[in-house]
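First, one chain by itself in structure tokens, the form predicted alone.
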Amino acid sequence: MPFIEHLSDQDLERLALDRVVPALLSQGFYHLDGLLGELAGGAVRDQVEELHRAGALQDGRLASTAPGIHRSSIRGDKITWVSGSERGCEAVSFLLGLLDRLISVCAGRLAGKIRERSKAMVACYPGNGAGYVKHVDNPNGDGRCITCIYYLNKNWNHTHGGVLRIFPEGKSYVVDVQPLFDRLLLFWSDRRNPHEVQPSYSTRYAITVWYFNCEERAEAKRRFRKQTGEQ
């Protein structure tokens, strides 16, 4: 399905420099509604739902857990990773291209060299009360710098739960973000933004990508090679 990029380079630059960058620098997070619009956003949702129906989503993994702690008590989502080049992921590819353009503009005004990103993590909380306990995406300097989450949930309301709650470092307040359809959330991936996904009582879809500080990422890879003895 062909898509029309409704945001011109000028619009994107204005969004990045007037809204996203100032919010990241002052608050550490920012969310935007109506990123793709009904047509393109709906196409992304359709493709994510098809991945789910096809059985592509598997239980999300944890880096490590204490003995006796079950994964499902920490995170209850099912996930898969996509690059956007897969057949049937054209709309997801369109979304990733738009995010790449946005972060590319932001990177020039943010500290560090932000150049690479992860594949897209497509996630579903199945609506059985599953969530994800309070955590930090990048607690140990693995290179992840900016977390971008795109939500795909139409007609979402407070009875469905599934709020992403951010606990900004050093602040006396929390920030609750509803996972509303066509909403984009961005925040620093490090210890500045511990966050949790509260229990979800309706099927909850999201796509997450992480943009890397390439210098921190390279250092993390060096540490890994040294620890594992790889050359």
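Remember, it's a predicted structure, so these values are computed and weren't measured experimentally. Quick note: we count residues from 1 along the sequence shown, nothing fancier.
As for the form predicted in complex with a small molecule, it is not shown, yet the points below apply to it.
Partner proximity in the model of the complex, defined as non-hydrogen atoms within 4.5 angstroms of the small molecule, places exactly one of 7-15, 216-224, 20-28, 203-211 at the interface: 203-211. Contact annotation: of the candidates Leu186, Leu36, Leu164, Ala43, the single residue with a non-hydrogen atom within 4.5 angstroms of the small molecule in the model of the complex is Leu164. Shown alone here, Arg192 lies farther than 4.5 Å from the small molecule in the model of the complex, counting heavy atoms only. Not displayed here, the small molecule is approached by Val197 to within 4.5 Å at the level of heavy atoms in the model of the complex. Using a 4.5 angstroms limit between non-hydrogen atoms, Arg75 touches the small molecule in the model of the complex. In the model of the complex, no heavy atom of Trp156 sits within 4.5 Å of the small molecule. Residues Met121, Tyr125 and His135 are all found to lie within 4.5 Å of the small molecule in the model of the complex, as judged by heavy atom distances.
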